[in-house]
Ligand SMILES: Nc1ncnc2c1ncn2[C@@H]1O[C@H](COP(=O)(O)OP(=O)(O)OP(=O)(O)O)[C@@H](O)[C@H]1O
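In the block that follows, a single chain appears as structure tokens, in the form predicted alone.
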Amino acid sequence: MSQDAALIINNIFGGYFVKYNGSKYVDAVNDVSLLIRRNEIFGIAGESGCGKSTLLKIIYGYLRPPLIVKQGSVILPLKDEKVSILSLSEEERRRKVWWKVISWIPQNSMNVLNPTMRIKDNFVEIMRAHMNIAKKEAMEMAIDYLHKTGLPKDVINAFPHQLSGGMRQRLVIALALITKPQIILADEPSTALDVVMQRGVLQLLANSQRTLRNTIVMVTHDLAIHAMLCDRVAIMYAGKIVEIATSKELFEDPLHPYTQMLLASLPRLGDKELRQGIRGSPPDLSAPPKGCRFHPRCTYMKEICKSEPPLLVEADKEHFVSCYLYSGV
């Protein structure tokens, strides 16, 4: 086990049991393994519906029906022990892991904020439970963090429903940072914000990471954010990881056909040429294709791609790809 590991994700299979014309299983995360290091910003990118947010929920241990984990483990190496997050009860996760070691910035801020409590009480409750500080000190810290996220002081007395979605999202980011956790899981943290506020919030996350030397796992569809902030990036397609590399390597020399098509579809400064989107659409994950899940959309498809899923192999130093173009077949 690597000494610099912040999280070790082993062979996760998870998804949703959906009841519609009978029960069916949606295979949202399929055999995902990752080693996320201490003191890094690790990005997860891909099209909508590829399993990014589901993977983040599983890592956090936020397993509410219809989400289930069929197989795999998430190991949290601490100083005195190695905690298996998925083996804990939800009460144990609340007591030992959530906020204290891992905080979560979900897409929907109301998953964190209690709608029946004023903002100040949301902050004070979390801070006193996990930081063992007096109410007055908690209030002072809360106001300071609100200022850092660009929010006015008086929002401290508001209820969540009285604020805009963007304001609530900034509050959740402040809550995620204030307990100074070892790991922050950020699921589209800037989606609800305008461009100016988005830059400020992302800078706040980056500055916090440099100061605290903690780990951030960043899920966003915005590849520009990954290029700007992340040390390493994993590309996810139809529930599977298809490529992992440093952000520099990934953007300069993408290997997987899906990654290449994603990057080719992006507009470039000064380039007026019409960009082309990726042909086709992601598969139905209640009945995913056999073999490589990208093969119906891939211009390099081989016969083996239709029947056998490729392994994630190290094609170059620290550059992993799941594709038969690089496995010698």
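Bear in mind the structure is a predicted one, so any value in this text is a computation, not a measurement. Quick note: we count residues from 1 along the sequence shown, nothing fancier.
Note that the form predicted together with the named molecule isn't included here; everything after this is about it.
Across the options 300-308, 41-49, 287-295, 257-265, residues that bring heavy atoms within 4.5 Å of the named molecule in the model of the complex belong to 41-49. For the three marked residues, G61, E90 and L205, no heavy atom of any sits within 4.5 Å of the named molecule in the model of the complex. Using a 4.5 Å cutoff between non-hydrogen atoms, V32 does not count as a contact of the named molecule in the model of the complex.
At the 4.5 Å threshold, heavy atoms of V313 stay clear of the named molecule in the model of the complex, well away from it. For F13, no non-hydrogen atom is located within 4.5 Å of the named molecule in the model of the complex, even though that partner is not displayed. When the named molecule is considered in the model of the complex, T179 lies well away from it, no heavy atom lying within 4.5 Å. With contact defined as any non-hydrogen atom lying within 4.5 angstroms of the named molecule in the model of the complex, the contacting residues in 9-38 are Y16, V18, V26, A28, given in sequence order.
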